[in-house]
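Quick heads-up: it's one chain on its own, the form predicted on its own, in structure tokens.
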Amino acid sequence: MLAPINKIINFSNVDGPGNRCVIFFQSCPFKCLYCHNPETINYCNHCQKCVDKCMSSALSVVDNKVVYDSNKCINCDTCISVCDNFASPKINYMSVNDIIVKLIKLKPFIKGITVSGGECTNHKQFLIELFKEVKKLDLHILMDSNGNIDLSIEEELMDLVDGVMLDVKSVDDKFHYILTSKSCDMVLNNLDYLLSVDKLYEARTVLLPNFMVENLKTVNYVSKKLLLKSQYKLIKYRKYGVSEKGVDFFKDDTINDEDVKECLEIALKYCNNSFIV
């Protein structure tokens, strides 16, 4: 079994408790306007537009498909910047054993792993096999998810994971659809489920400029659900890395400090473990 891995960050202290290895899987069912890594949304369609733009000749064409050589890559990301498909040719298909070999080397320096994306649950069977092996290493396991699948019926997966970091983008279904192209119903069902089984490590909401009514509605709803059961991370929208369509939609570079303060005050009324990043 192989999974498409966009990248692996050996050490991170912002993706869960302690120092962690973060594994980013390729592909996502949401098409978020403010996604900061939109190149993880789709698979490469092998249009080959990026090949002759590569400054290090790390990309080539074999049997009409783009092939990536990580040994030549200088990580300039020119291939990503010229892609019209919200994809990346720099994908490595890895087995569970490939990842475990890497984790064994990192184990003395990390507390756990966080699987992210894209959307990691697009590869749920791979995650189950990976988590079984990670458990043998006695490492803490977090799953960073947009909540697009029904986690309540994924018993084997949920038994293995120690916690979930859940993105709650909006509780207004129409606005959520505008932001992501999907309904928020499953996300909110997963919020309730994760709280009920004590598996919600963190809920997160991005605070968007020029949409304070929607921001406050979501913050109020989520913080009332969390109370003292979990932490709530409010993330200031930033335009860097966002697609041109997203930048045009939100207009401003970020949300102003007065609006951020108002959102935080609402969150702290119900969940005193709320904070801004």
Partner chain sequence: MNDVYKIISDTTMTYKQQLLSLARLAEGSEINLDLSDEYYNAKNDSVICDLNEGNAPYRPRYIIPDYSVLMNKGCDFLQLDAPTDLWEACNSLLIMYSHVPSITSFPVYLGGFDDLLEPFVTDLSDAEIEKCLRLFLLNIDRTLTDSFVHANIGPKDSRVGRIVLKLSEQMQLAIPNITLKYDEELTSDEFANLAITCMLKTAKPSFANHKMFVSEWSENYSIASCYNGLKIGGGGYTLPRLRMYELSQKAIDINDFMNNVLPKYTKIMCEFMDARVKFIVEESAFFKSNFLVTEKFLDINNFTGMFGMVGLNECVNNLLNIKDHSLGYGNNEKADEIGVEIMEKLSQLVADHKAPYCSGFNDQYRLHAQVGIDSDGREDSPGARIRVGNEPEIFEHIVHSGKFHKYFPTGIGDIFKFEETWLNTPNALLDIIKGAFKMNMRYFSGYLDSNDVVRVTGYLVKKSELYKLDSNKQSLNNVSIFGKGARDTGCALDRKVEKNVSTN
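Since this is a predicted model, take the numbers as computed values, not measurements. Positions refer to the first chain, counted from 1.
There is also a form predicted in complex with its partner chain; it is not shown, and the following applies to it.
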Discussion item. My question is simply whether L268 lines the interface with its partner chain in the model of the complex - judged by any non-hydrogen atom within 4.5 Å.
Written reply: no
Worksheet item: Does any heavy atom of V187 come within 4.5 Å of a heavy atom of its partner chain in the model of the complex?
Response: no
Worksheet item: Is N92 one of the residues lying within 4.5 Å of its partner chain in the model of the complex, judged by heavy atom distances?
Response: yes
Discussion item. Can you tell me if S12 lies within 4.5 angstroms of its partner chain in the model of the complex, counting non-hydrogen atoms only?
Written reply: yes
Worksheet item: Only one of 79-87, 191-199, 140-148, 102-110 gets a heavy atom within 4.5 Å of its partner chain in the model of the complex; which is it?
Response: 102-110
